[in-house]
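Single chain ahead, written as structure tokens, the form predicted alone.
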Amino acid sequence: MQAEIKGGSAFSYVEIDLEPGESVITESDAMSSMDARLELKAILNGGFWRALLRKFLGGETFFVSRFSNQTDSKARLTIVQPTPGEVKCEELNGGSLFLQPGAFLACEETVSLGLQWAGLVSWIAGEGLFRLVVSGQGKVWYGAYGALLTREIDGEFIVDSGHLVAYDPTIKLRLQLAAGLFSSFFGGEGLVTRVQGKGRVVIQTRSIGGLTSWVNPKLY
């Protein structure tokens, strides 16, 4: 399988070339175009109950799509995320990665999708009560609204609410005020997420919450 992310950080899309016998799993409705010879099948990734939890607690779709190449030559699939922004690829080698709700885009069949309690801190920070856990062997594609920045953390780091996309299992989350009570709320920052530990975090430069706050007053 060969894959390339194109479109820049504003409008990323992924072109995947499947060799004969290869398959890839994508989020429902991620396909924008595909070779007519590819086979598409909607499946419950991990079974009924896991799919149900992913939909109602993890912000993902109930079904995922399995694209397979049953021909004798290479076939291309193009996938996109629902919002404008950047897509990244993560190569798992037996480890795992935490994804915020809605970030998952696609993965190889050897990657397992699970759900884990993220805690009240994550929920209050606008990141959701649950997080998606991708683990195993193979490639994972994920994305978010805006460009994606990777930061290596060894200690503590501050991330604004709604901007955390992915992070290593070694990272812990804690909620706090951005500054003092007056400065936090009258300065517009409010609550922020303090990430602690040693590992990587991936941050989106834009947030849907920020977009809606900007758009809504202009509609009236």
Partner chain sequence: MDITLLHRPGNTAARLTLAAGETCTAEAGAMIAMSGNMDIETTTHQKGKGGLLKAMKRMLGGESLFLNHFTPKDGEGDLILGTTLAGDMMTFNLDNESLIVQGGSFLCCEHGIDVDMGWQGFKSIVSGESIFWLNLKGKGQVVLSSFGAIYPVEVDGEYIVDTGHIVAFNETLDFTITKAGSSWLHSFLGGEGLVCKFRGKGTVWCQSHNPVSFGWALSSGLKARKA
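Numbering follows the first chain given and starts at 1. This is a predicted model, so every value here is computed, not measured.
Below, we turn to the form predicted together with the partner chain, even though it does not appear here.
Screening 131-139, 72-80, 104-112, 88-96 for residues having heavy atoms within 4.5 Å of the partner chain in the predicted complex returns a single hit, 72-80. Although the partner is absent here, F67 sits close enough that one of its heavy atoms falls within 4.5 Å of the partner chain in the predicted complex. Although the partner is absent here, K41 lies within 4.5 Å of the partner chain in the predicted complex, judged by heavy atoms. Proximity of V165 to the partner chain in the predicted complex: non-hydrogen atoms within 4.5 Å are absent; the residue sits far from the partner.
Proximity of I171 to the partner chain in the predicted complex falls outside the 4.5 Å heavy atom cutoff. The partner is not shown here, but in the predicted complex the stretch 22-41 reaches within 4.5 angstroms of the partner chain through a heavy atom at S28, D29, A30, M31, S32, S33, M34, D35, A36, L38, E39, L40, K41.
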